[in-house]
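Quick setup: one chain, the form predicted alone, written in structure tokens, and binding and motion questions come after.
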Amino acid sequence: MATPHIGAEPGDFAPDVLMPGDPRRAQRIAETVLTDARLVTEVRGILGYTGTFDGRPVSVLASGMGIPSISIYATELFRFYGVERIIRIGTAGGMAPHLEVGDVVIAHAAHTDSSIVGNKIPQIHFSAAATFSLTAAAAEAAGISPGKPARAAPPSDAAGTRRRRRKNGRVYVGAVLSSDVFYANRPEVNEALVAHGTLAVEMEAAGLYAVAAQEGKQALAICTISDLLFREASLSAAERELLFDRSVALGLAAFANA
């Protein structure tokens, strides 16, 4: 039966779900990446599709913006539709000074200023972390092997990250900030986060990780750097769509190999 926010029927979703924020992006993934994709929900304009990729069933559902929104959709997918793994495919603002627009961050952890996540367990600061197997598979697909020592990084690289140069940017594994505030003006906080190895800021990963932990499921966020906090630089709409495909490919590889 349908849930308050998803109009699909039992069995309409695959065990693996890609989750961009934008409904149009979900539609684009369904139309250009999946085979025989069919629309399974469109409640409130949040589009969801199910098809196949390399013969494996895969679904895609938009999450909307922010931790409350992604928490609702992830909970309903995990709890009522038999979904086992969700990978957020999104964009993020680069915080670490060595990042460039077009780079990709595989977020193994997500700090947050959200009380929804931070106060999830009374008297405890909850640590929002991705599922290791998905993180490792995505990193391996990017040419980064978590089982081997990291190559020496240049002095400007943040601590605890690994990277590989790519034709259209680099791929890093590291922590992100999931913020409830989009238009935040807090340079000292940003500096401290970067000093502690934080790579980028977005608005959903910590919520997704917390829901997955609560429901006993798996989750990961893979984000394309669309703009930078420390200088003027941003991707055009066309560039976003082109480079966004790289995150989708890493997510699909993680599903196939984790």
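The first residue of the shown sequence is 1; numbering continues from there. If you're wondering where the values come from, they're calculated on a predicted model, not measured in any experiment.
Only in words, not in the display: the form predicted together with hypoxanthine (HPA), which the text now covers.
K.L.:
Among 134-142, 85-93, 113-121, 98-106, which stretch has residues whose heavy atoms lie within 4.5 Å of hypoxanthine (HPA) in the predicted complex?
P.N.:
In the other structure, the partner sits against 85-93.
K.L.:
Considering non-hydrogen atoms and a 4.5 Å limit, does hypoxanthine (HPA) approach residue 226 in the predicted complex?
P.N.:
Yes, contact at 4.5 Å.
K.L.:
Determine whether any heavy atom of residue 203 comes within 4.5 Å of a heavy atom of hypoxanthine (HPA) in the predicted complex, and answer yes or no.
P.N.:
So residue 203 counts as contacting hypoxanthine (HPA).
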